[in-house]
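A single chain comes next, written as structure tokens; it is the form predicted alone.
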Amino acid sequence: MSRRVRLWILSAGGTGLAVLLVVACFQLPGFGGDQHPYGDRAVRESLARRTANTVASVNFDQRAFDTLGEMTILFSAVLGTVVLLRQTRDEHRAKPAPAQVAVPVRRYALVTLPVALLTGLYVIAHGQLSPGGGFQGGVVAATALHLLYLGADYRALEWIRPVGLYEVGDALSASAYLVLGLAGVLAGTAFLANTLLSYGTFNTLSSGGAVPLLNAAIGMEVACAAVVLLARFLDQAVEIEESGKTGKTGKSGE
């Protein structure tokens, strides 16, 4: 396919999308009004399925298929990073030297790490009840692990961050989301339909039907994906060198 044909296809698709967006905008409620039909419907459906956090209900129930697309984008980014930043034949790994970290920094990082990790897990577990959820909690949990890089050194981070296990965790979490979606199809309803499990008691951890499970799957997928992404970039900055080059020390914060 020539460059001109590709540009024509791109222009046609872009024009069609622009027309659809403009037409859709004409159907939106007036700006600044007191009528919010979409918000009212979202809240009504959230309460009907006993999900206290309406945003979680939108993400993992009313528009769970959209969340699948977002998860796919992140998973693809991780896959692309792993492929592009893999060690090549003209590169080798140089073990980083132990880092010298100031005592106050070390103490702060080591005290904050478990608190931040528990906070991330708490945000994931309570995603259907309070602001936050799998996306936010997953990032917090992944970031917490890297406080060890600031408080100790890169070798300590490697000890608690076996990249292979996190890659497997990323794939299993993404698969779990798909399996939960396909369960609805096998039951004769619809993909990602929140109709298989009891909605439970409002404002409890077990409320919301499938929302807590989908939220947990996203939380683990985001956490594992963030760890793998940072690991690949840190490898390039700290360990991997071109053949014949030396001089990297691997100091914390490099």
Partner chain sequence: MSVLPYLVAVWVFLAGCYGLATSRNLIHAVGCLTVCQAATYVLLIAVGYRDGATAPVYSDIEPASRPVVDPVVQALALTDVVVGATVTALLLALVLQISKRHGTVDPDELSELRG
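Positions refer to the first chain, counted from 1. No experiment lies behind these values; they were computed from the predicted model shown.
Form predicted in complex with the partner chain: not shown, discussed below.
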Decide whether residue 42 counts as a contact residue for the partner chain in the predicted complex under a heavy atom distance cut-off of 4.5 Å.
yes
Please check if residue 121 has a heavy atom lying within 4.5 Å of any heavy atom of the partner chain in the predicted complex.
no
Indicate whether residue 54 is a 4.5 Å heavy atom neighbour of the partner chain in the predicted complex.
yes
Touches the partner chain in the predicted complex: residue 213 (any heavy atom, 4.5 Å):
no
Can you list, in sequence order, the residues from 30-45 that come within 4.5 Å of the partner chain in the predicted complex, counting heavy atoms only?
30, 31, 32, 33, 34, 36, 38, 39, 40, 42, 43
